[in-house]
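Presented as structure tokens, the chain that follows is alone, the form predicted alone.
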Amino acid sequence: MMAEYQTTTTATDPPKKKGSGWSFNWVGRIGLAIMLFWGLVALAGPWLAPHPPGEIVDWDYFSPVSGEFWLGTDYLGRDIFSRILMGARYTVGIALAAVTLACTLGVILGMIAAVAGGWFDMILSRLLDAFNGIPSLLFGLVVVAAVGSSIPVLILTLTAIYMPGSYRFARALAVNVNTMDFVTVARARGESTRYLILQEIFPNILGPVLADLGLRFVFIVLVLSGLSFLGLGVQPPNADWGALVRENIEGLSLGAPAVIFPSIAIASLTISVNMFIDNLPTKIRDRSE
């Protein structure tokens, strides 16, 4: 009787819940924490900065780190700490806007091309392949030098540079999913192209697409910093982190903090994004259920 009772109670016990599959290890958590930190700085920078970013607060240029100026001053005597806080808004904001536009357009066009196929897929793929062959920094230099540097121009230029790569990546994933049995069954039921894209294909490529978005965010930050270092990025009196490095590089021997700290900000942001996406768990729907 005891054995029978134990068997009965075991059989009726509620099943244990499966893990969600979205837990992060400590490396991913550190990366996420640094990303959130810079995101908050970008949002709250104007209220956190102790001085206006363009105000000359010290007549001694390239002042060292002190209690009054936590990261020293630059070549004009402006507070580096305040300028880094304000520069986060331009670096993070422009990169985030550009990568969102690039990946949104690329993923949508890639899925449509994979499902539609035929001449639409062939023409669009050849056009974007040709565009993708242009060196990114060279294209950015030509466009910004011809049109002029402004925040909308920078966002659209960076979007145009990285959208073809996002398209190729999403199309390759969507082509593989499009040949699977559950998509064939949905197509045989007479489901529309919109249904196939939104309900069958997109959920199954979401994980890799998010990882690709993180990588492209890093690339965009680096290209934006390169343009600013060449004087074609965010224009004075505003400055992103790349511009802070460029405008103080001549005084590296006199005021190293004015160059080192913006460089550390760029490195910490890009490395944290890489740490996060390298440990990003992917979760693909189980179609066997």
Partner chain sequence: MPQSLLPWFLVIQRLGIALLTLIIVSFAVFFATELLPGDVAEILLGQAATPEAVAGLRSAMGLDEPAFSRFIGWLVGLAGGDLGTSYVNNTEVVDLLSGRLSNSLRLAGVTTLVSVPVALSLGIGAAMWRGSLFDRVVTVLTISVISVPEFMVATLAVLIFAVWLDWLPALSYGVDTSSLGAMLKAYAMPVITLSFVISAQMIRMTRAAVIETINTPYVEMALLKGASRKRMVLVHALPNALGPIANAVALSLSYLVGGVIIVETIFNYPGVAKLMVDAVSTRDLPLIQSCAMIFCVSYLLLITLADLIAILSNPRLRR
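Just so we're clear, the structure is a prediction, and the values are computed from it rather than from any experiment. Positions refer to the first chain, counted from 1.
Missing here is the form predicted in complex with its partner chain; even so, the following discussion is about that form.
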Can you tell me whether residue 142 touches its partner chain? I mean in the model of the complex, with a 4.5 angstroms heavy atom cut-off.
yes
Closest heavy atom of residue 229 to its partner chain in the model of the complex, within 4.5 Å or not?
yes
Does residue 225 make contact with its partner chain in the model of the complex, using a 4.5 Å heavy atom cut-off?
yes
Is there a non-hydrogen atom of residue 33 within 4.5 angstroms of a non-hydrogen atom of its partner chain in the model of the complex?
no
If the cut-off is 4.5 angstroms on heavy atoms, which of these, 48, 27, 40, 249, is the one near its partner chain in the model of the complex?
249
Please identify the residue among 198, 138, 172, 116 with any heavy atom within 4.5 Å of its partner chain in the model of the complex.
138
State yes only if every one of 146, 267 and 271 has a non-hydrogen atom within 4.5 Å of its partner chain in the model of the complex; otherwise state no.
yes
Can you tell me which of 123-131, 158-166, 97-105, 81-89 lies within 4.5 Å of its partner chain in the model of the complex, counting heavy atoms only?
123-131
